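Taking the form predicted on its own, here's one chain by itself in structure tokens.
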């Protein structure tokens, strides 16, 4: 997906980028490639691939929610996908990026400083530890992390405000959804929307699972990660 194709595809999502936003994404890409040359952040480095599988893919979250002026937490953000891309394109969002690897946080802080982004912070922390002091805090919690949905739900849903939502961004996730309904209910959520679509250029199936928080999550959750992994809800 070259830049013209990227801009055109986003218009189909009702996203119209400014010249400044396009410039910021280009700077972000160049910084990603430079940093990745000495510190592994992503195996996807070819420009057209990054624009499709990182930038465009991050922005497909608008298929299930309107973004403007909310607080948003990106759990396991990695190199900033989707959270930092969302901040660039939706500047009114108040974004928190959490990752357990400090090398990623160092990179994100460099990008945030270079682009002079406001109302965005990058936090070095494990999600289950960050959740202890940030329960029911965010309008939106999202993640493109690779953990199974029942495990990811336990890490994320405790930090969602009542009536807020957790949006998991997955590949083909039908089996995960079926196996996670009990966990999501236990954590106070209910699945409100599942959007399945294909990325352009036959680049793969994607699934957006939108969970709305109906009841406060029990203080028992999230458990320590070893417990979550050993005995998922």
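Positions refer to the first chain, counted from 1. Quick caveat: nothing in here was measured; it's all calculated off a predicted structure.
What comes next is about the form predicted together with a small molecule, which does not appear here.
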item: In the predicted complex, residue 81 touching the small molecule (heavy atom, 4.5 Å); value: yes
item: 4.5 angstroms heavy atom contact with the small molecule in the predicted complex for residue 150; value: no
item: 4.5 Å heavy atom contact, residue 112 and the small molecule in the predicted complex; value: no
item: Partner contact for residue 121 in the predicted complex: the small molecule, 4.5 angstroms, heavy atom; value: no
item: Listed range touching the small molecule, judged in the predicted complex by heavy atoms within 4.5 Å, from 71-79, 131-139, 113-121, 88-96; value: 71-79
